[in-house]
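Presented as structure tokens, the chain that follows is alone, the form predicted alone.
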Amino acid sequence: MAEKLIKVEDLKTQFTTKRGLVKAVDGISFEIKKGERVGLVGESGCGKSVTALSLMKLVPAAHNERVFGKIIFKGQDLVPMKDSQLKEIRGKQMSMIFQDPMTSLDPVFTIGSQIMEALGIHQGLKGKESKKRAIELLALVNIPSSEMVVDYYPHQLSGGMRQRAMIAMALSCEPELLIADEPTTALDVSIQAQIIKLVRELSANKGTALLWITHDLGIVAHLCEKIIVMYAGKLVEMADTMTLFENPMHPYTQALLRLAPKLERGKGRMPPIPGTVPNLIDMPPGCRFADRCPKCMDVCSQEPQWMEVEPGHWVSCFLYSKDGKN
């Protein structure tokens, strides 16, 4: 059985704003094993990206954030760590691919120099040796003429090429965990498929664990071994990919799967999820999906617990508790 790489326990990330306290991530728990590919899915604004930034301890301090709980990475809790300690982990052991490479890459430095910086900090490579490795990394992510591209600036590359360069940078120090925050959202379908294939191959060949964040269940179906479903700052379901698709338990997961495009639907309209996501400042009591749920019961005015209903299949819903009580 694969060893745990990272274990998240009751993680909460909150922001203090003029309007009130935003509970962006509100008490979530999960783990990722070494080499495991995990998908984190949910609608926009559900807390996926904040979860990723929290794991990397990259939530901007200007937002008056507070992080509670535990993030146990290789036996060490990252939550109380200072930036000086985290520098030994970020980039070297944990890396992140951001959604928009144009805002993540520095426009005034070449692609090569930005990769070489990470190689210098974490692997001690300098000069020709560092540049040679940067060229090898660009070739690894299937960038043609990598010996020329290494001297290009971000604006000289297409969106797909910039994203590949970001992946090369993230993989430069061969991290044990790679977090990808919707890295294919802004790319066309053919480039999306190439990036997904590339990440899957690199993960398989290098044994890198992956947390892939997306709103697209179709992507995680082909890429990930396990899927975690998030809604309004909470986890609502978690299972291996086949189980989740064959036996979705939470009404929200079921609704997401109904929304997934299918060829056999033809031109018919996809059934929308009624209602809106609750305000993260003024959360309703009880289950956060209750107002939109077709199976809502009186007991849903209370908050359901996160429970394992069958081996490896977790859900937060009163439909699966004894007598409607956890």
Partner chain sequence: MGLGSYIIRRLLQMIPAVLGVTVIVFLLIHLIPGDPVAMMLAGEADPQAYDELRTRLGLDRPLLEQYLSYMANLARGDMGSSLHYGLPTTELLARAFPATLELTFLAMIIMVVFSIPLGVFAAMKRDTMADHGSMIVSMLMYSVPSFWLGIMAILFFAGVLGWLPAFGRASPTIDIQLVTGFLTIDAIIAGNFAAWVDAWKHILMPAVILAATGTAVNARLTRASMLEVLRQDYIKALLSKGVPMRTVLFKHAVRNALIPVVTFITIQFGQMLSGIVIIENVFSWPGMGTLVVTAVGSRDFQVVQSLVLVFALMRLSVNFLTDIAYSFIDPRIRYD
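These figures come from a predicted structure and were not determined experimentally. Numbering follows the first chain given and starts at 1.
Unshown form predicted together with its partner chain; subsequent notes refer to it.
- The contact residue chosen from 103, 145, 76, 205 relative to its partner chain in the predicted bound form is 103, the criterion being a non-hydrogen atom within 4.5 angstroms.
- With the partner omitted here, the residue from 235, 224, 150, 96 that has a non-hydrogen atom within 4.5 angstroms of its partner chain in the predicted bound form is 96.
- Proximity of residue 155 to its partner chain in the predicted bound form falls within the 4.5 Å heavy atom cutoff.
- For the chain shown alone, residue 300 is not a contact residue for its partner chain in the predicted bound form, no non-hydrogen atom being within 4.5 angstroms.
- In the predicted bound form, its partner chain sits within 4.5 Å of a heavy atom belonging to residue 114.
- Interface membership of residue 91, defined by any non-hydrogen atom within 4.5 Å of its partner chain in the predicted bound form, is confirmed.
- Residues of just one listed stretch (206-214, 165-173, 68-76, 226-234) have heavy atoms within 4.5 Å of its partner chain in the predicted bound form: 165-173.
- Relative to its partner chain in the predicted bound form, residues 53, 58 and 83 are all within 4.5 Å by at least one heavy atom.
- Interface residues of 189-223, taken as those with a heavy atom within 4.5 Å of its partner chain in the predicted bound form (partner not displayed), are absent.
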